[in-house]
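A single chain, nothing else alongside it, follows as structure tokens in the form predicted alone.
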Amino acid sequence: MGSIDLKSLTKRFDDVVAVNNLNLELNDGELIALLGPSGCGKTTTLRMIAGFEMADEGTISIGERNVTTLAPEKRNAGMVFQNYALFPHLTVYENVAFGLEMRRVPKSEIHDRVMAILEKVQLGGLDARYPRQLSGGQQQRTALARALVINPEVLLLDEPLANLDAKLREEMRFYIRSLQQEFEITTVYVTHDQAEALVLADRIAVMMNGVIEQLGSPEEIYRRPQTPIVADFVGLTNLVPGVITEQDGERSLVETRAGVIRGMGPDSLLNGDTVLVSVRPETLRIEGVKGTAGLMGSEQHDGTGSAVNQLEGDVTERAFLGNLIDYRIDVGGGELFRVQAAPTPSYDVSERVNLTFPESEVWVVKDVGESISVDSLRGESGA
């Protein structure tokens, strides 16, 4: 198998810079997800690796070979498209065999390899069917088989689950991951679906406007976003603007309109910095205001005795989702917190509740927008 090395990769379409000086290295056997919204440059990057788009600047290496200017068929890359791109007039067997025939592999070897890969992707016995006779999941596995049967150095997947229903999509995430690990093949997986990226990837590259905003493990991307854009895009979160009033290494005390919040953040943050505090909905503990809010010892107050990581508010909306209830809580100062909690006990609209959360589950990021002051925050919150 082979590694992938992208250096200073740039692609323009007229005046639009789709990919801007991108650098990315994949280790042998690693799966990296390119995650981002439509127009961020992720599919263009994949198509440049595959050879369907030529880079305007930079280099692309697969293994030890510089493939920047090579035609797609000379890159030894297996590609799975969003719409699968199966030939409707060919059977499953003929679709999978197509790449081997183009490489002039002997017929006896083609038969053995095709039948073996069909068993691997759980399509044994379906080799004589046509694409129209297959389910969406079977079509997707046919496309995977066609990409893998040629023994590619790398596998390139362009939103391969986008056309499947929600339940099948979830099942196929785990299937693709297990298949990729079995073949130990270096893989680039393009998606706008955060859950897919979190489940599948060894590392995630979050892309925005043609550049990589952050590259890291799924846990790093989710729990420790480096920029407000990543914090807002990956998963659900409550982003609260504030100002740092105390900073001790990676621990920050932040004044916000909703109250005083202590959390973790990069040690480069300084007193007086304008920041955004990220609190995930599932990390908040909710209790009726008549109950006793979960105490967290020394984390409960700042140096002046003000409550820390304890908010009080009113339920404005609630949605029953089966395994949890999704609440919107008005905590004052114009801040509406989203909370996801177990269905019991449950709280009604207009009910007063307490919210508590540990500082280890709070992440503070530098806000590059307009600066704000502590006095302005206290004025807006009525403090």
Partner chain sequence: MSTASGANRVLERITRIPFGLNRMILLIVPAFFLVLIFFIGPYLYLLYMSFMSQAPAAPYESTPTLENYSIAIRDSFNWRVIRTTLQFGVLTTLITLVLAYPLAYHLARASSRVKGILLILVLSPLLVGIVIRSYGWMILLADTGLVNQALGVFGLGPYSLMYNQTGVMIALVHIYMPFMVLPLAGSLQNIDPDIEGASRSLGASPWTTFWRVTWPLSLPGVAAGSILVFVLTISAYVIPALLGGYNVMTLPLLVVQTVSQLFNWPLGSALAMVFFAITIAIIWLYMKFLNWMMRGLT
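Numbering follows the first chain given and starts at 1. Remember, it's a predicted structure, so these values are computed and weren't measured experimentally.
Below, we turn to the form predicted together with the partner chain, even though it does not appear here.
- Shown alone here, Ala85 lies within 4.5 Å of the partner chain in the model of the complex, counting heavy atoms only.
- When the partner chain is considered in the model of the complex, Ala116 lies well away from it, no heavy atom lying within 4.5 Å.
- Using a 4.5 angstroms limit between non-hydrogen atoms, Arg132 touches the partner chain in the model of the complex.
- Proximity of Lys107 to the partner chain in the model of the complex: non-hydrogen atoms within 4.5 Å are absent; the residue sits far from the partner.
- Between the options Leu284, Met79, Leu276, Ile261, the residue in contact with the partner chain in the model of the complex by a heavy atom within 4.5 angstroms is Met79.
- This chain appears without its partner; in the model of the complex, the one residue of Asp267, Glu73, Glu182, Asp165 with a heavy atom within 4.5 Å of the partner chain is Glu73.
- Across the options 170-178, 205-213, 146-154, 253-261, residues that bring heavy atoms within 4.5 Å of the partner chain in the model of the complex belong to 146-154.
- Counting a residue when any of its non-hydrogen atoms is within 4.5 Å of the partner chain in the model of the complex, the hits in 46-68 run Arg47, Phe52.
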